[in-house]
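In the form predicted on its own, a lone chain appears below as structure tokens.
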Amino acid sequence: MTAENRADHRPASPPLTERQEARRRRILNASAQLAARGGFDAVQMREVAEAAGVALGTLYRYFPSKIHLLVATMQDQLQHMHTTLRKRPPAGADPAERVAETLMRAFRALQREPQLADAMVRALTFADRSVSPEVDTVSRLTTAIILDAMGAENPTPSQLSAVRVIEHTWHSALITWLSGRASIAQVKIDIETVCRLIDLTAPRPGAA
């Protein structure tokens, strides 16, 4: 088994110091830059370490594999999107419109860096159980972005189910677009269609 495929059996880590956080930030930036230039295959751990100015062993202490690194890169990109969306929230008239607008804005952000988007999506696809915490964080961030757009502070189980279906559709649409099997126009139609589930699961006035 190669170093890049080692399972992550580390215990929960303590909070990072300011210096460690800065080092982690350099690593994530280097990963994103390499992926943006050459896609999944361009992200090699040795090259990432060199670009970030850290030792290879140090890089593996932060991210045990290339998959861990790229999933963390997607998490970082989503956090940035979330911050941007909170500063400039969607202006749709109802929750379904706002979620569709939000997801299309996120999609267009990924569209600007298709190689990076492809690398991150491939990492999510290849992720095994050792990457479950990072994948779960990506899912939670996506859920938070959708719920913010909905304005749902206390979502019902039905609404959360709708959100999961929307997440799956968005992820699938991204994959089909990256593989050249769907146009941007088709992605937009699919996103707008699935977002109608929000209206169907909205709590009705007077419901028990």
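One rule holds for the numbers: they count along the sequence shown, beginning at 1. These figures come from a predicted structure and were not determined experimentally.
If you look for the form predicted in complex with the DNA, you will not find it shown, but the lines that follow are about it.
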| query | finding |
| --- | --- |
| 4.5 Å heavy atom contact, residue 32 and the DNA in the model of the complex | no |
| The DNA contact in the model of the complex: residue 182, any heavy atom under 4.5 Å | no |
| Proximity of residue 20 to the DNA in the model of the complex, heavy atoms at 4.5 Å | yes |
| Residue 46, heavy atom within 4.5 angstroms of the DNA in the model of the complex | yes |
| Heavy atom within 4.5 Å of the DNA in the model of the complex - residue from 156, 58, 143, 176 | 58 |
| The DNA in the model of the complex: contacting segment from 148-156, 58-66, 135-143, 161-169, heavy atom within 4.5 Å | 58-66 |
| Contacts with the DNA in the model of the complex - residues in 159-179 whose heavy atoms fall within 4.5 Å | none |
